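A single chain comes next, written as structure tokens; it is the form predicted alone.
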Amino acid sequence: MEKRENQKAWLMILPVVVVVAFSAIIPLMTVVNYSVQDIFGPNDRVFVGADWFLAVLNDRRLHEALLRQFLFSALVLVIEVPLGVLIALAMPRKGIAVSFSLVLLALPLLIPWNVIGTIWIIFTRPDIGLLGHTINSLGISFDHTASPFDAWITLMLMEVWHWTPLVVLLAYAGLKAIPDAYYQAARIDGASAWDVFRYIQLPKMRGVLTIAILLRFMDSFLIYAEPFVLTGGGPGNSTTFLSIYLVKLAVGQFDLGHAAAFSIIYFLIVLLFSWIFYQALNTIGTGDRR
């Protein structure tokens, strides 16, 4: 007699499915509804099909915001991932210094995102801010409210300070999981520090670094609160990323049809590039193992 599998475990995840349905699927379907209809009232709507999507795709301001977003996310990954790995490699492995270092690194991650923007507004003000006033006292003109270049520098400094600790913690966890036997074998073989990193530490960290890259890409691509509080998308539109442009479209102009279509395109872009990153990292890992 064939033994039947016990399917009662599915009942345990039913509450999660219900919560996800109300918190994600139903709002998403509402956005889909707005993206294909021009809604004037509760019983007054016109089906427009793909008109909103075509209008959004031909929006020059959207193209500019998309380029800024890609540039920002690329800079975040290029800076934070290598820097996080270097800091993790330099951290102590034993003793009370480990706990102290981990707590100190985790502090920026505990601060709410809107508070981060406020902190850096005060920190970089050219008149009273510690960083802004110091730079200007050296004879270097610095004002993130007037110069697009200074605004980008301030945003990158804020983002690196806020989120590099996440990469550090993930990389450090990967390093701690490496058995001492690997290092002992490397010392016996006379391997250099670079060889240890290249052939032992980096392969063993690949899993956590994949998570770090995916998280940082998605977070940076969806960033809103910090740049909105710090620059409001300015000066001009120099720091108007996709999220800020979407909010201006939906809330500022109350153009719900275009905003809904834009939201779906935004969502698909994040999914697509996250999948590309994941597949690329897995392909690199498979190639190295061969």
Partner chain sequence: MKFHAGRTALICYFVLLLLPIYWMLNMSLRTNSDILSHFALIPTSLTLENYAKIFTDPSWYSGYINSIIYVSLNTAISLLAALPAAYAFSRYRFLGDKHLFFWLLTNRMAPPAVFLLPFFQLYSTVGLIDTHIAVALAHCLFNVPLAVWILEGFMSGVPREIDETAYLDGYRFPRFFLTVFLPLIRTGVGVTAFFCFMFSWVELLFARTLTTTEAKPIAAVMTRTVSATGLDWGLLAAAGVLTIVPGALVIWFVRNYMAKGFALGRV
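Keep in mind that what you see is a predicted model, and the values were worked out from it rather than measured. Residue numbers count along the first chain shown, from 1. Here, rigid core means the biggest group of C-alpha atoms that superpose within 1.5 Å across both forms.
Not on display, but discussed next: the form predicted together with its partner chain.
Interface residue among M156, A74, L102, V196 relative to its partner chain in the predicted complex, by the heavy atom within 4.5 Å criterion: L102. Of the residues L66, L28, A55, V48, just one reaches its partner chain in the predicted complex with a heavy atom at 4.5 Å or closer; this is L28.
Contact check for L62, A191 and F241: none of the three has a heavy atom within 4.5 Å of its partner chain in the predicted complex. In the predicted complex, its partner chain sits within 4.5 Å of a heavy atom belonging to W163. Proximity of V20 to its partner chain in the predicted complex: non-hydrogen atoms within 4.5 Å are present.
When contacts are judged by a 4.5 Å heavy atom cut-off, N136 does not count as touching its partner chain in the predicted complex. Mapping the unseen interface onto this chain, Q7 counts among the residues with a heavy atom inside 4.5 Å of its partner chain in the predicted complex. In the predicted complex, the residues of 104-125 lying within 4.5 Å of its partner chain by at least one heavy atom are, in order, L104, L105, A106, L107, P108, L109, L110, I111, P112, W113, N114, V115, T118, I119, W120, I121, I122, F123, R125. In the core-superposed comparison between this form and the one not shown, I276 has its Cα shifted by less than 2 Å.
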